[in-house]
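Form predicted on its own, single chain, as structure tokens, below.
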């Protein structure tokens, strides 16, 4: 009965506020597309912080810093997001309504939309469960994510790797929002052509200490040889017991025709000079597939979170988060 009344409140508000919601969505999307292109930054990097913004406003993932960041970030619109989500936010305040996509717990039923929120929450959990066992954190392709800014352990050394124009804009926005964190070492890095292990060491990275490497939704934009080279470098840098948190997308998901929403997304990211590349076959034994990939690089797969086999027409999963350890 409670769920029914929550959904009813949302539907009524959605009908009443539909013009405002549509206007906000249109404004936010156009601003994001136009500014991302003019600044030559990753369009998809903004999708991550949008999801975090939404999770914050529904009380699922408190992150006041992401709100301050987006309010000062030229390629996103806080007002546009709020207008777009206004019916759901008001319904939440009135009745406790939470969009289903934000709270799905059965990962077998995670969809091509809800996995974005699952991904954020699962990587948060991985960090929380492992951070105090580590001495260093390296975020590869950090984009505009603020996870590093939310790490409370002051003894942890933190390094973020990304392209110069992305990092420059991020640092500028962090300072403007007054949430810049001196603990974080920013290293300009293009995974395709930068000797980033050398840059890490030159900036204080210690190979003898345990490190948590985060490699979230970056490998899908890289050629397979670059992904494998990244694993080689992580292995060569890491003390025994270091951890790699990594995600994978299925070949059918990113390069097939089953998901219309994904197909449209693929066409959109191409306009920004981005292409989805590396994937793995998820039609058979996924654990074995990942084990085969890792075994050459002194990495042992400890845990996998397999998403979506009950939400696809093919009944095959489309997304996996892997937690591997350096041996």
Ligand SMILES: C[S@@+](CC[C@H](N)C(=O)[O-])C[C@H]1O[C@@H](n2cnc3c(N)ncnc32)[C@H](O)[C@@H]1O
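Residue numbers count along the first chain shown, from 1. Nothing here was measured: the structure is a model prediction, and the numbers come from that model.
Just so it is clear, the following notes concern the form predicted in complex with this ligand, a form of the same protein that is not shown.
Chemist: Is there a non-hydrogen atom of residue 173 within 4.5 angstroms of a non-hydrogen atom of this ligand in the predicted complex?
Modeler: So residue 173 does not count as contacting this ligand.
Chemist: Answer for residue 78 alone: is it within 4.5 Å of this ligand in the predicted complex, judged on heavy atom distances?
Modeler: Residue 78: no, not in contact with this ligand in the predicted complex.
Chemist: Could you confirm whether residue 44 comes within 4.5 Å of this ligand in the predicted complex, counting heavy atoms only?
Modeler: Yes, residue 44 sits close enough to this ligand in the predicted complex that at least one of its heavy atoms falls within 4.5 Å.
Chemist: How about residue 190 - does it come within 4.5 Å of this ligand in the predicted complex, if we only consider non-hydrogen atoms?
Modeler: Residue-level check for residue 190: yes, a contact with this ligand.
Chemist: Of 63, 32, 274, 291, which one comes within 4.5 Å of this ligand in the predicted complex, counting heavy atoms only?
Modeler: Selected residue: 274.
Chemist: Consider the chain as shown here, without its partner, and state which of 131, 177, 222, 86 has a heavy atom within 4.5 Å of this ligand in the predicted complex.
Modeler: Checking each option against this ligand in the predicted complex, the one that comes within 4.5 Å is 222.
Chemist: Among the candidate stretches 98-106, 70-78, 178-186, 191-199, which one is within 4.5 Å of this ligand in the predicted complex when only heavy atoms are counted?
Modeler: It is the stretch 191-199.
Chemist: Can you tell me which residues in 203-226 come within 4.5 angstroms of this ligand in the predicted complex, by heavy atoms?
Modeler: Read in sequence order, the residues that approach this ligand (within 4.5 Å, in the predicted complex) are 216, 217, 218, 221, 222.
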